[in-house]
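Okay, so we've got the same protein chain twice, two forms, each given alone as structure tokens, structure 1 and structure 2.
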Structure 1
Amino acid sequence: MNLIAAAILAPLSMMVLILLLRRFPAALALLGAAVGMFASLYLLADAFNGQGNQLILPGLPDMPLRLISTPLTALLSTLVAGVSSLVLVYAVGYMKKDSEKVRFFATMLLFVSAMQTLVLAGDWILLLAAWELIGLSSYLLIGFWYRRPGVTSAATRAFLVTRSADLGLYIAVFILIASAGSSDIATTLNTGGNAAIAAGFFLLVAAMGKSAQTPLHDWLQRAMAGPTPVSALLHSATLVAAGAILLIRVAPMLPPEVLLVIGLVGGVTTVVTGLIALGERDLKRLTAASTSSQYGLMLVAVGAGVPLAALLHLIAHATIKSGLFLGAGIFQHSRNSTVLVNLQGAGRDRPRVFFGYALAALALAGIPPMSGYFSKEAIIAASLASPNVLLLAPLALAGTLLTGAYMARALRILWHGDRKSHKIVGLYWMGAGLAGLVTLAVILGVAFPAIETLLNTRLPENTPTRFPPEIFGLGAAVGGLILGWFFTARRLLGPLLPWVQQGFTIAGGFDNLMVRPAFAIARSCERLERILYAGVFAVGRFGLDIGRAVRRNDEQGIDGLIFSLVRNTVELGSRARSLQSGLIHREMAITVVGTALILAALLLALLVY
């Protein structure tokens, strides 16, 4: 059996099995994840040995579906498998008390297999399909607790915003297939010219939706309504990562114009959402905003022309962010809340958890020697080396600074305060997941050179620049940490705070700009619909009116007879009795006049001939 298929089918088949058996969900889910991970690792090992692998499936006519294992896809697949396995381990504990484990694990497995399909897809159709399927599974997962108020709308919003942006992917895919004549991704990457520019912009739109880039960042924070493992998975290696992965995969094709825009979008996002994170009052929402911010940084890297830096940060961020979420989930269980005010001191209750959380936070901020340091330094270096250095570098540095600031703020709040946590069920499972992820987050930086070798590309280390990136990056990170630890958000943000806390909503955001107009159009359609409907009946009535007029002609004046085609004919019979009559001489007169008219018509016809 082909291993590519195994990476996808292992979780999928376990999902089916869970749904059929409706028992042992956790065990089966772990089994599926483990098998999938082995398959991914095997693919990765093959990739290290220089072996590719591919699988061609029947698809649309002349457009078969392809799964390919290249170094890049194998690496991403491993990342997905690894992170998801650990999150699932954690989830065993987290969901211990929930009554709908079957549904939860089944959906999680669906999610994992969809994501595996996405990263392993070798053609656009399959990629698009996977892209939408992770949208579906995230909808199902965010809406997992659908009976709670607000959950449905959060899930709906997540799905709708991403789906709207997905249109960009649809159109980009159409453009690429049309210009390349093939749906194979590798083939389409040779596209150039206007098609590449157009496709690039539409791909960016799609990526912005999935990776929650400004101005489409709003849905991600709301998506916190789902269970924490879901958030961990969404934010690290799956849903949100999809956008960045897409751009990394197509980066060779993107022309400079598009790259600049990508960099700008990323830079703006990293600053905007960094500020939002800084002002946030909820730990999970803070973490969510930071996700957007970090993906913004990755887009900066892509925009700077160094997708490898983005990839490295993606990997580092995946482990770090899921670690952060898992930690946050433990704190949530211990205080039954995710609001920062209620979490004060929660870290001190569980120092080991806090330690892990802090390590992850520092890694995210970019403190050496943890993985985040290397990836972030690569991004800053890339931005400094890019032709648009003046635009990208300040944004990247600001993003780094903000990262340090909000992470330090979170740590401070978790550490200071009263100790009042209670016991948690399933802490060991959760702890195990957290530990695994944090370990990865700390040490993964070691693996980066190996990854560079694997992908056969190098970071632009030795390019001569006037600004040494290590200094700038580290300086920004440390500076941010210091600011965040010593100053409150109110002090830092000042008058901006209220606006920040609204999430920088411009002109009412998605609701006002998209939803309301859609409903307005819908309502006008409905009005038009009524008019049309009435119009059809008016035509019918008009016909009846003529009929009545004709009848009057036949009978000399019927008093107004209200006749309805469908309404009861019984009443009608009696009313018709009261009619006056047509006299034969009148009728005969009509006959004669009619004859005269026909004669006239005939003479006219004669003239014509």
Structure 2
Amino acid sequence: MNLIAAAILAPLSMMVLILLLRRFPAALALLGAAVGMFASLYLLADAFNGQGNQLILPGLPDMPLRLISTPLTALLSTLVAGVSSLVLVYAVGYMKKDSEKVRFFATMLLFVSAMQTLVLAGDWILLLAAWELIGLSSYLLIGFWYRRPGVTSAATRAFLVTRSADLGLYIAVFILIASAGSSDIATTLNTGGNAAIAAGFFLLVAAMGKSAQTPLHDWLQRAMAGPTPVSALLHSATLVAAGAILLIRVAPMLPPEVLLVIGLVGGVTTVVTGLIALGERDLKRLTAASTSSQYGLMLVAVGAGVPLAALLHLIAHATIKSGLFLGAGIFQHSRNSTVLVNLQGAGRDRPRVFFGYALAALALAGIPPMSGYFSKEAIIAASLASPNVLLLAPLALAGTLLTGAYMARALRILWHGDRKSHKIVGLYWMGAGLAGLVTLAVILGVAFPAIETLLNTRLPENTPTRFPPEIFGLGAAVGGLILGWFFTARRLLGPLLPWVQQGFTIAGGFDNLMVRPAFAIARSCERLERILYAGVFAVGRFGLDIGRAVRRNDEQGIDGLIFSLVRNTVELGSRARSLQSGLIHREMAITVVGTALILAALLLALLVY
């Protein structure tokens, strides 16, 4: 079997088997994830050896569907497979007492298969299909516990916000295919001029929706209603990563003006959502706000013209963030809550878990020698080397400072407090998944030079400052950690705290500015539709009345006259026929009478004239 097909079909086939057998869902899910991971690793090994793979499938006329394994797509496929496999290991323990394991693991495998299709897609049509499928899968997973209050509304909000932004992707794809005359992604990247500018902005809209960038960031924090493994997968290497992956893949096509806007959107997001994370009162929501902030940093790197820096941080962040979510899930099981007040001292309950969580937190903050340090350094170097350094570099440094502050705050709250021992079912599975991801978060930085060689590109080496970017990045990270550990959120944010805790809502926020107006427009459209329906119905009823009148007139008037004429003609014919008796003397008599009548008529006419 083609390795590309194996990476996609392995989890998909196990999903089908789980739904058919309704037994052993966890074991089948792990098997599907493992086979898919081995296929992705083989693709990556081939990429290092300079070999590529391609699978062409029937599609639209002159637009076949393509699955391709390039160095970039093979690397992303391996990332998706590796993170999802460890998250599924964790999920075996997390879902041990849940009665809906079949539905859970089947949907998770569908999600993984859809994401593999997206990263390996070589044409826009297939990418669109995968993009839609991950949206549907995320809706099903966020709403997994649909019987709980607020879960369905959170899932619906996530689906509607991302689906609305997806219109940008559809328009961009239409522009690119129309301009290039092909649906092949590599071919469309040669597009230039106004088409590239327009497509770039629409692609940014789509990426903002999926990667929860300001002002579309609110849905991601509400998505915490789903199980913790869902949150870990969504926020690391799948749904939320899709937006950044999209911009990284199309970066060679993007004009400078589009890159500047992308960088500014990312920079504003990393600061806004970083402040929200600093003021959060719930551990999972804090981690979710952090996700938006970190993807904002990736957009800063793309906007600075160095997509490699964004890719490195995407890889590091995937392992770090999934580890943070898995750790938060164990603390949640320990205290039956994710509210920070209730989690005080939870780290003392599980010191090994806290140690792993702390390593992931320090990696996210950018402390060496962990992977986050190297990826943050790359982003800061990219911003310093950018022509827009005065706009992008301060935002990148502010985002790095805030990362250290909110992670140190979370660590302080988890460690300071009383111990409350509580048995956790399935802890060994959960701990194994967490340990694997934390290990990757710590050591992946050493693989970054090999990734640069694989992609045949290099990070910026020269910056316009006298100090290397490591000094700026490490200083911001350490400063943030000190501030978050020694100062409370109230002291750090001051009068901003209430505004931050409301998500920086302006005039009622997204609900008032977008949702309620949209519903008002929908209600107005419904009323207009009802009026139009009533008008159409009245016109139709009037038309039917006219039709009935015409029918009556036709049946009783014209038809009656015609039928009467026909009857009279038939009767006259019958009477005339009775005269043809065949008797000669009678015929002679009729002839004489007729001749006399004609002569009388002629004489009368002569007398008159």
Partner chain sequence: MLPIVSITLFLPLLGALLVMTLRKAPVQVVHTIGIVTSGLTLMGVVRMWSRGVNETGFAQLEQLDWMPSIGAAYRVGVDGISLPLVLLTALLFFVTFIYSAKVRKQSHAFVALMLLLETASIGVFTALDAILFYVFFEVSLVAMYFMIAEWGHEDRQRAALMFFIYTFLGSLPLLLAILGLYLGSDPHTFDMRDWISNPPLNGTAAMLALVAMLITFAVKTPVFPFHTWLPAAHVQAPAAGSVILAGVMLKFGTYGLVRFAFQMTPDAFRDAGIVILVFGVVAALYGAFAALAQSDLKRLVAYTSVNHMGYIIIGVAIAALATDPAIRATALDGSVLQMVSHGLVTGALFLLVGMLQDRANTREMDQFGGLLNVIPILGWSFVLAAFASLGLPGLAHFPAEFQIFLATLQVEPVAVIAILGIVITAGLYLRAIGKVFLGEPREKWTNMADLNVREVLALSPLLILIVAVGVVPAWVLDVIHKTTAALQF
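In this text the structure is predicted, and so the values were computed from the model without any measurement. Between two forms, the rigid core is the largest collection of C-alphas that superpose within 1.5 Å. Counting starts at 1 and follows the sequence of structure 1.
Asks: Can you tell which of the two structures I gave is the form predicted in complex with its partner chain?
Replies: It is structure 1; that copy is the form predicted in complex with its partner chain.
Asks: Align both forms on the core first, then report whether residue 525 has a C-alpha shift of 2 Å or more between structures 1 and 2.
Replies: After core superposition, the C-alpha of residue 525 moves 2 Å or more between structures 1 and 2.
Asks: Residue 597: CA shift of at least 2 Å between structures 1 and 2 after core fit?
Replies: It does shift by 2 Å or more.
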